[in-house]
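A lone chain, given as structure tokens: the form predicted on its own.
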Amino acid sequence: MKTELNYINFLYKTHSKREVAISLSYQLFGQDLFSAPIILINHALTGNSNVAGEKGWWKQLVGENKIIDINTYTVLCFNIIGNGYDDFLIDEYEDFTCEDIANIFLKGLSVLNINSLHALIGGSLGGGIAWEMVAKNPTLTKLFIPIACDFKTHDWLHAQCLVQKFLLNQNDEPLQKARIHAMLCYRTPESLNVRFQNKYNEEQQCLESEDWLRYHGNALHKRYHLEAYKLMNHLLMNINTDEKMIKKIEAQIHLISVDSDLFFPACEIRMCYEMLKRENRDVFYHEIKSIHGHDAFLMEYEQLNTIIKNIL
């Protein structure tokens, strides 16, 4: 499967009142636009619009005869502007918040003449952006499925992103070191301990867990831009959906958490569920059971497949 990047160009004024020329890129998978129900998928922090196919980051869920079946649906995925996948980077990243990205995605939908979606799905940062989108347009989608995320950045997440910011703003291997720290937030002590069991790598002269962390740091450095990582981390620090507006969402809401998530703890997502339920929202709570923490939504495909199949 190969789909081309498409572009939407327009001027946008950020919340900080800066006018920016935006080049919003996106990819379409499956059925022709307007010939089938549309599912919009918002990618996570270091993801991109390539959601399906051989190199698709969610190919276990999206594709022919998969749970999100491109024989049945039109699947749309925007690139978060500045993620570098389309070679578009942003230097003044602090001018943008998740609300701005939501506005830009909504503008993209408007330009494409998409007035309604069958489903809006977002994982982690992509889910935070999705919360902002449905709060701004409560009738946007029939189904809203935020995964491993909440409608706002709580203190714990903000603190971890602050450490990331410190690491990214120093000169000695900033991206590698930030990624190593992030991996310890995406996984759990149990996940690492069970996997590595203090085994020593004689060739590298270090613990296998250390070698694994260094590998992930170096791998991201090779494929990702420092400017993009700074932007994504900044966005993660600034998810701040208006609580009054989320109570007006008309979609059927399916909150999916991971019981061991250290980034967006399940207890926070349950609190969101309970708040919406008190408002008589059409809301459901689902929980992935895993030792792997936040990254379980990219690992526990059997569980996630079952959950999303029952929703769609």
Ligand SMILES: N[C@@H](CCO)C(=O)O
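All figures in this text were calculated on a predicted structure; none of them were measured in a lab. Residue numbers run from 1 along the displayed sequence.
One more form of this protein should be noted, the form predicted in complex with this ligand, which is absent from this view; the next part is about it.
Colleague: Should G47 be classed as touching this ligand in the predicted complex when contacts are defined as heavy atoms within 4.5 Å?
Modeller: Taking the distances in the predicted complex, the answer for G47 is yes, it comes within 4.5 Å of this ligand.
Colleague: Mark R179 yes when one of its heavy atoms lies within 4.5 Å of a heavy atom of this ligand in the predicted complex, and no otherwise.
Modeller: Looking in the predicted complex, residue contacts with this ligand include R179, since a heavy atom lies within 4.5 Å.
Colleague: Answer yes if any heavy atom of L24 is within 4.5 Å of a heavy atom of this ligand in the predicted complex; otherwise answer no.
Modeller: No, no contact at 4.5 Å.
Colleague: Using a 4.5 angstroms cut-off on non-hydrogen atoms, would L298 count as touching this ligand in the predicted complex?
Modeller: Taking the distances in the predicted complex, the answer for L298 is yes, it comes within 4.5 Å of this ligand.
Colleague: Specify the contacting stretch among 66-74, 38-46, 250-258, 271-279, defined as having any heavy atom within 4.5 Å of this ligand in the predicted complex.
Modeller: It is the stretch 38-46.
Colleague: Which of F78, F96, Y186, Y85 has a heavy atom within 4.5 Å of this ligand in the predicted complex?
Modeller: Comparing distances to this ligand in the predicted complex, the residue within 4.5 Å is Y186.
Colleague: At a 4.5 angstroms cut-off on non-hydrogen atoms, which residues of 105-127 are near this ligand in the predicted complex? List them in order.
Modeller: Read in sequence order, the lone residue that approaches this ligand (within 4.5 Å, in the predicted complex) is S124.
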